[in-house]
Every structure is written in structure tokens, then in C-alpha cells.
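Here we start with a single chain on its own, the form predicted alone, put down as C-alpha cells.
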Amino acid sequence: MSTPRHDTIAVTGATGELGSRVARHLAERDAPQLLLARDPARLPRLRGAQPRGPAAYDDGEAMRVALDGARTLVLVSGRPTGRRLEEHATAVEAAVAAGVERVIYVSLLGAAPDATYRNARDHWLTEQYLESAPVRHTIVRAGIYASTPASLADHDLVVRGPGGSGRTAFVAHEDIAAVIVALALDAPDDHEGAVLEVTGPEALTLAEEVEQVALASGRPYRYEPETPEEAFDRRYRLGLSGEQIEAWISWYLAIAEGGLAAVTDVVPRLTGAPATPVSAIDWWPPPGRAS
């Protein structure tokens, strides 16, 4: 049986935790791909993948050149710089100019103009831009990464924040990547204009999530609740910027208010495999990577 031929797929953020997994899964499927980065030297070397760049989201000409030959763009969102919409819009405009026909955009669960979590408001702006852009698109609203609490832990493995008793279905990077690859290769026309919410299989409180991280990693992570005022004071004394303080406290508060508790069937429906519970995840970032 002959191997199906795929159009070339461009992947941004391929040096990061999500983009690198998307690229690896595409390589395993023998899909031709272009891997874009600000620093191409850091890109993984994979079968069928061409490194492209340097290409930053806000450099339209560099992005256009890097995207030449691609038909689908997997746009993994950039870091919160305060100009995320402008950067993403520039990247999409460059993609259209390069002949890209479809964009799969990695957004955030709960994206809305009045979202509690600051970054979710940024993502909603990009979603609105894509609605009017002259390119087919699918929006993947990723749930909260299961790895995030581990990265928020201090060096004593304590996660502190005002997460309350709200629940969320923490999701594995591998599951999000598998959904993106299924969208890119298996059903490229079935989800045009769709907004897909990708979650884990169970909704956990932060205390329960951190307990599961401890069991999965074999390390004594623990969660200590804070009030919003305590969370602000501690981060202010650590010297974080107002922007950083708002971003992280609003992340906790979004969980606390319970608006991210939905569990969806997107992972099993698109990939044919069950979503991964936190207890079965085998990769955890070192503590202290986020504040």
C-alpha cells in the first residue's frame, strides 16, 4: 500500500514544548514540513522537515520567505508581549502572501473578550482577526497544560496561588499535539471554521492536580492556597512586573471561578485514543520555570 502524500505543513514554535511535539508527530507520519523559529539552530532535526528562519512573528517579510511552499500553517501562539494580536496578524498576513491556504491556530480554553485570565483575552483577539482573514482556519482552544503547576512550583516543590476549589481538565501537551496533527492530516476539510476545545479526561482542583503531579513524577509537590492579596504581595516582593503579576494571578482566578471545568471529547474523537490522565504523564518541567 502506498503512503499517502501530504501537503507541506509549516509549524511555528517548533523549539517549544508543544510545537516540537507537533513536529515530531508529523515526522512520524512522513508529512513534509517547514519548521520556523527565531533561532533555527535550536530546531529539531527530523525526517522530512526543513528548518526555516530566522523568522519572528512581527517580521512580515521574514515570515513570508520562511513560509514559502507551505499549504497549512500551525500557528502556535507567541509569548505575551503586549502586542500578541499585531504579531499574529503579521504572521497570518505573511502566510496568505506566501500561498498558505489554511491556518490551525492554537488558542486558549476560555478565550473571550471578558475572560478572567489575561492571556485568554489576547487569544480571543487573534480568533476575531482570523474570522475576517482571507484564509481557511480552525481554532484549537487548548486547555490548561497539565505541566503548568509543576513549572509554577518553587524549589521546595510548593505551588502557591488563589486557585480556590474550582476545577479544570488539565491536558497533556502530547494530546494537544495529536489533535493538531489529526486536523492537519486526517480531516483537513471537516473542521473549517470550527473552534475545538481540547481538554484532559477529568476536571481536577489545583490541589488534586498537584497531588497527581506528585504521584506521576515521584516528587513531593504540594499545593498551598493563597488569597489574591497574599499572591499579589508575594509576587510584588519577588520583583515581578505588574504585567507578570496580573497574568499569573488571573490564571489562578480563572480556575477558581469554575469556568474552565468542562471535559470535552475532542481528544478521543479526533485521535482515536483516550485523553491522558495527569497520573499517566511521564514528562514534567523543572520547578521555577514560571513565577
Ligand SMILES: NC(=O)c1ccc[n+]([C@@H]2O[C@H](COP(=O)([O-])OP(=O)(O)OC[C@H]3O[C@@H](n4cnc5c(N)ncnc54)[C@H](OP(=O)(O)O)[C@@H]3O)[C@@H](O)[C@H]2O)c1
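One-based numbering along the sequence shown. Please read these numbers as outputs of a predicted model, since none were measured by experiment.
Absent from the display: the form predicted together with the ligand. The rest refers to it.
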Exercise. Work out which of 35, 67, 55, 254 lies within 4.5 Å of the ligand in the predicted complex, going by heavy atoms.
Key: 55
Quiz item: Ok, 108, 150, 169, 172: which has a heavy atom sitting within 4.5 Å of the ligand in the predicted complex?
Solution: 108
Quiz item: Even though the ligand is not shown here, does it sit in the predicted complex so that 18, 79 and 84 each have a heavy atom within 4.5 Å?
Solution: yes
Exercise. Heavy atoms, 4.5 Å, the ligand in the predicted complex: which of 215 to 223, 130 to 138, 69 to 77, 94 to 102 makes the cut? Say which one.
Key: 69 to 77
Quiz item: Any chance residue 184 has a heavy atom within 4.5 Å of the ligand in the predicted complex?
Solution: no
Exercise. Consider residue 14 of the chain shown here, and say whether it contacts the ligand in the predicted complex, taking contact as heavy atoms within 4.5 Å.
Key: yes
Quiz item: Is the gap between residue 42 and the ligand in the predicted complex 4.5 Å or less for some heavy atom pair?
Solution: yes
Quiz item: Could you tell me if residue 143 has a non-hydrogen atom within 4.5 Å of the ligand in the predicted complex?
Solution: yes
